[in-house]
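Only one chain is included here, represented as structure tokens and corresponding to the form predicted on its own.
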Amino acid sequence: MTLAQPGKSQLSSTNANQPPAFTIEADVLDVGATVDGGQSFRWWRVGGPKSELASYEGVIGKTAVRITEVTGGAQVEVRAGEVPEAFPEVVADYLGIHADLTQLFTAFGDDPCIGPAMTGYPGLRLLRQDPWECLVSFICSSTSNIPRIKLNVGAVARELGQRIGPGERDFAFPAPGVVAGAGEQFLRDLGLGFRAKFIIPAAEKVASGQLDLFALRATPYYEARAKLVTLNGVGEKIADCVLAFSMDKPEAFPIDRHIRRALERWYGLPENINNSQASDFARERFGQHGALAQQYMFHRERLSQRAKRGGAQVESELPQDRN
């Protein structure tokens, strides 16, 4: 897999009344699995039946976009909002296009779980999100599920964020100071429940500069994780999600029930070890490929479990997982 350079893409429009559009080039890119597979929670599938490649609408920064998977990459349409300089590069960076997937496949092509997952689901990538939105999203993930997380994060954006387009979800994510000013009860009234009492203190620390989330991108993994877990409501799992999906920490390896099940199934991990020990095991095995390996493992296990419910979801399961 040799990835084309997305920086060659240019914003273009054939009509002044049409929004700009451009193509992000990549040999392999699974748009749906990447933006709407548990890393981020403000993307929604639009158009087409499930059997067809679909478009996904969402917001990157203060720009509302539609991303459609095409042969050789993705077509990106700016729907509304600001169009920053070099926006194609911004989108490519967000989608993790610059990562060389061949490194993972070369290192773990024979791995019993990751090898088949990469062959069966090529093009899944790690997002590089805004750290603040990512942190709030995964605080919202505590004892929740993807539909509810999307509902909670979407409500925060809708009620507190800046409107950037005409669509019902066209809102930039609110800044930490705005969230802090809204207060805990406001977030509870939006349906966030107990998570509100964790989000407000986090917003206050980030808004005040006591915690610099962007600085953590340049901070070594264990030090960055230690700073995140000082936040109430942020344990190692939530911290690892933020570190993997927004802070350039490729060794981060979040552990949830899907990953526990996969580690026990494919690597003989004992059931009686705790999540911290399981994460240490995975980091030792996968090293600097940990975050990407975790996503392939998560994707395979999640689709396998969904397929057991029957219906059209069966088609997404790997043949070797059908029993």
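Residue positions are given as counts along the sequence shown, with the first one as 1. Everything numeric in this text was worked out from a predicted model, so none of it was measured.
We do not show the form predicted together with the DNA, though everything after this point is about it.
Would the DNA in the predicted complex be within 4.5 angstroms of a non-hydrogen atom of every residue among Gly37, Ser142 and Cys241?
Yes.
Name the single residue among Gly72, Gly235, Gly177, Pro84 that comes within 4.5 Å of the DNA in the predicted complex, judging by heavy atoms.
Contact with the DNA in the predicted complex is made by Gly235 alone.
Within 4.5 Å of the DNA in the predicted complex, heavy atoms considered, which of His98, Lys197, Arg217, Arg158?
Selected residue: Lys197.
Contact label in the predicted complex: Ala107 to the DNA, heavy atom within 4.5 Å
Answer no; every heavy atom of Ala107 is more than 4.5 Å from the DNA in the predicted complex.
Contact label in the predicted complex: Arg148 to the DNA, heavy atom within 4.5 Å:
The answer is yes: Arg148 has a heavy atom within 4.5 Å of the DNA.
Contact flag, Phe298 vs the DNA in the predicted complex, heavy atom cut 4.5 Å
Yes, Phe298 is a contact residue.
In the predicted complex, does Asp256 come within 4.5 Å of the DNA, counting heavy atoms only?
Because a heavy atom of Asp256 falls inside 4.5 Å of the DNA in the predicted complex, the answer is yes.
Heavy atoms within 4.5 Å of the DNA in the predicted complex: which stretch in 112-120, 169-177, 207-215, 188-196 meets that?
The contacting stretch here is 188-196.
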